[in-house]
Each structure stands twice: as structure tokens, then as C-alpha cells.
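Only one chain is given next, in C-alpha cells, and it is the form predicted alone.
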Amino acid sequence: MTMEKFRLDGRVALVTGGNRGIGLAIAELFLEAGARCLVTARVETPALARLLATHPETAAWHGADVTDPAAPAAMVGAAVARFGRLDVLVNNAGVADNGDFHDFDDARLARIMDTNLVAPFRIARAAVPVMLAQGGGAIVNIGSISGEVANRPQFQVAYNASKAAVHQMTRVMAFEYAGRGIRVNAVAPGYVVSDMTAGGIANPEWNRVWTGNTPMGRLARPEEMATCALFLASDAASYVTGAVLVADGGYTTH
């Protein structure tokens, strides 16, 4: 019976940035766990197209740019229109940028904050009323170890600040809705092999430092972040709210 608590049968999930990397892995695992999923992204990648073709009845795609102020209501509305309800929100869409703090201009700052912080805030704000009307739900925000520590060798103040804000938003939302049936948690990944980190992985110096500072001696796979998200979204985490689950191979232990 305990293992059944990790299932998502009968539930509907909205996964942003689900066309590749961690988001795609989360959508795949949620579908395997019995959920119906609305995946949002700006473009439909071949990998996402294959996922949709494999799950024609339980998976759907909604094209959207999360920084569009109209997108949150449209995403939530699309999930409810297609599947009748919304039980789980995964705020995964994000962007990274790095460079010297004194050279980081307003346009780059706005892009980071609008995507990584403002968009998850707005999307959760659109989802919460639906969840309250249903009697509850679960929100999983994808943060980062960058919200807890300074990265090296790259400098990325804006990205780190955005993820720290996501972690704090998660904690405060959890406090606010704990008595109303909505659990809010976050996953803080370490370095994950994905399109977002491809440039750094290809840089011998960066790759050496990233791997060398990870006690497990390797970078993560997207699927390893997906299992964390599944736990937090499922009844297996029924007494967990306000948590930031760090999954970093030990990177932040020293």
C-alpha cells in the first residue's frame, strides 16, 4: 500500500518548460505514474512530440511563453479544459545567464527574473484558486543549488538571486496554504546534464570544477530530478510542505 502513495492516478499535472531536460523527464515520469499531463513550452521539440504520440489520451501540449502575462491563466485554463481539473503544478521553466556583476545589464536581469521568478509566481497564483476549489493540490517549484550557494568558476549573481527567491517563495506559500490543502515544495538540483548546461559541460575548465566539487564525482541525469518531483507531488510526501529538496550529489556539503 505504501508504494501506491507514489502514484498519481486520476490527477492532472501542469509542467512548464516540459519540452526538454528536467521538465520533459518530469512529464514522462508523471505519465508513467498515472497522471494526465499538460506540458507547456515555447516550442514543441521532437522529444516532446514523441512523448505526446506515445500518450495521446493522457498528454497534451500548450504552446506558451511563461513571461507573457496572459500565459498563466491560459495554461491553467487549458489544463482544466482538456482534463477537467488541476492537481499538480510543476514550475520548471527557467533560463540561466552568467557574467560579471558590474557588466550585467537591465535587459539580461529582467530576462532572468521574469522567467525564473515572476513567471512561477504568476502561474502559481493562477493555479491556486483552482486547487482551493477542488480541496487541495501540490505545487513543485524547480529551484537550484544556486539559490543556496555561490557557483564557481562562473559568476551568475542574477540567476542565483532568482533561485533564492524561488526557494523563499516556496516556503512562504507553503506556510500560507498549509491549512488549506495545498502543499508547496521545491527541488534544488545540482549540475544536471541538459541543454542548459551543455556549454559549461563542453568547457573543460568548468566541467572539471563542477565535477570536482561534486563528491559523487558526476553530474546528474534529468531523470534523477524527476523522481524528486514525483515524491513531492505525490501522497508519499503528504506531510512535507515548505521543503527545498536539494539533489546535488553532495555539492553543497562543503
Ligand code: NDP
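Note that this is a predicted model, so its numbers are computed, not measured. Residue numbers run from 1 along the displayed sequence.
There is also a form predicted together with this ligand; it is not shown, and the following applies to it.
The partner is absent here, but in the predicted bound form a heavy atom of 95, alone among 130, 95, 157, 118, sits within 4.5 Å of this ligand. Shown without its partner, this chain lists 221, 50, 42, 218 as candidates; in the predicted bound form, only 42 has a non-hydrogen atom within 4.5 angstroms of this ligand. Interface membership of residue 59, defined by any non-hydrogen atom within 4.5 Å of this ligand in the predicted bound form, is ruled out.
Proximity of residue 195 to this ligand in the predicted bound form: non-hydrogen atoms within 4.5 Å are present. When this ligand is considered in the predicted bound form, residue 213 lies well away from it, no heavy atom lying within 4.5 Å. By the criterion of a heavy atom within 4.5 Å, residue 66 is counted among the residues contacting this ligand in the predicted bound form. Taken together, the three residues 17, 20 and 142 all lie with some non-hydrogen atom within 4.5 angstroms of this ligand in the predicted bound form.
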